[in-house]
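First comes one chain, alone, set out as structure tokens in the form predicted on its own.
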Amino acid sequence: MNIQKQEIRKPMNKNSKSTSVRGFRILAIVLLLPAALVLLAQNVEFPPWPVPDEANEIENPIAPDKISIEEGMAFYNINCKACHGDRGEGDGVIPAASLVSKQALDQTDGALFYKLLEGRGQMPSFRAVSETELWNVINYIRDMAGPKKDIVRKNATIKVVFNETDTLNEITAQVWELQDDSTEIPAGEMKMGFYVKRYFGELKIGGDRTYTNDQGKVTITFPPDLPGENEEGILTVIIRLEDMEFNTLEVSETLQWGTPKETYWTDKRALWKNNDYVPIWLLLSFGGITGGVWLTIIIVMLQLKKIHDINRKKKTA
């Protein structure tokens, strides 16, 4: 007797199939969404921005010298770089118009000044800023878009003196330019940056116009109320040479010039330190929220287990 074997195929669970398809679609969206956003950002078209004739005719009263360009660069890095990008190409976090395109550079300085004052869309108005700062950033934009030459940067040394008194603390930096014959001469009109190291970056102190004098010196008054990094008021101070004709050079020093910082473990109002100082209502609220979170997690885990058991029974049926 010939017995023919017949292969029995179990029908695929429609719910499982639809779930798999939905999961694949969600995964595809998650993976492709960033790329789609990048493409959209690159193809953003900005509508024309008309400028009144009287604004077009205004001339820049600030000469595009080294100091003006450096001041403009500092302003650009703080206020414009996030949207317009490192080189003004409009490739920042938020899509923005290119500042180095022919269309942008064909505008007059007066037109750029008008747009900085007015603002439009996501670009804010800079009416609260001094006109000098706006003219400086226009000079920087022109310089940034100009042809770049191979610049041979100079070398320098920095000597820093920290002067501590009963009433205030001062920092004096002196810059010396190194000559080819290894001699040193005072470097005047050098842009210096004074910073205090913080958790997520650097805090600038001393203002913006921190340039050396004819003797290569510049002095700033240290802020008296800066919180320190610990209970002893320790701060890390950074002094940096930021002149574009020189190689970057910096000096750092750890000083006890900050105000003592209270830690969570010594603060009596810390919830996780000692319950003796916690209000009852706050303690009950914290316990209720924590308990609710754990209860939600347990319910979700039980539901997932239930769904797993149901699917397992269907497969074995």
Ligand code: HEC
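Heads up: residue numbers just count along the shown sequence, starting at 1. Since the model is a prediction, treat every value here as computed from it, not as a measurement.
There is another form of the same protein, the form predicted in complex with the named molecule; it is not shown, and what comes next is about it.
When the named molecule is considered in the predicted complex, Lys115 lines it closely, a heavy atom lying within 4.5 Å. The named molecule in the predicted complex comes within 4.5 Å of no heavy atom belonging to Val196. With a 4.5 Å cutoff on heavy atoms, Pro124 counts as touching the named molecule in the predicted complex.
Looking at Phe75, you'd find a heavy atom of it within 4.5 angstroms of the named molecule in the predicted complex. Every member of the trio Gln107, Arg120 and Ile141 reaches the named molecule in the predicted complex with some non-hydrogen atom inside 4.5 Å. Partner proximity in the predicted complex, defined as non-hydrogen atoms within 4.5 angstroms of the named molecule, places exactly one of 167-175, 154-162, 88-96, 209-217 at the interface: 88-96. Asn79 is the sole member of Thr132, Thr221, Asn79, Asn230 with a non-hydrogen atom lying within 4.5 angstroms of the named molecule in the predicted complex.
Interface residue among Met244, Ile234, Cys83, Ile238, judged by heavy atoms within 4.5 Å of the named molecule in the predicted complex: Cys83.
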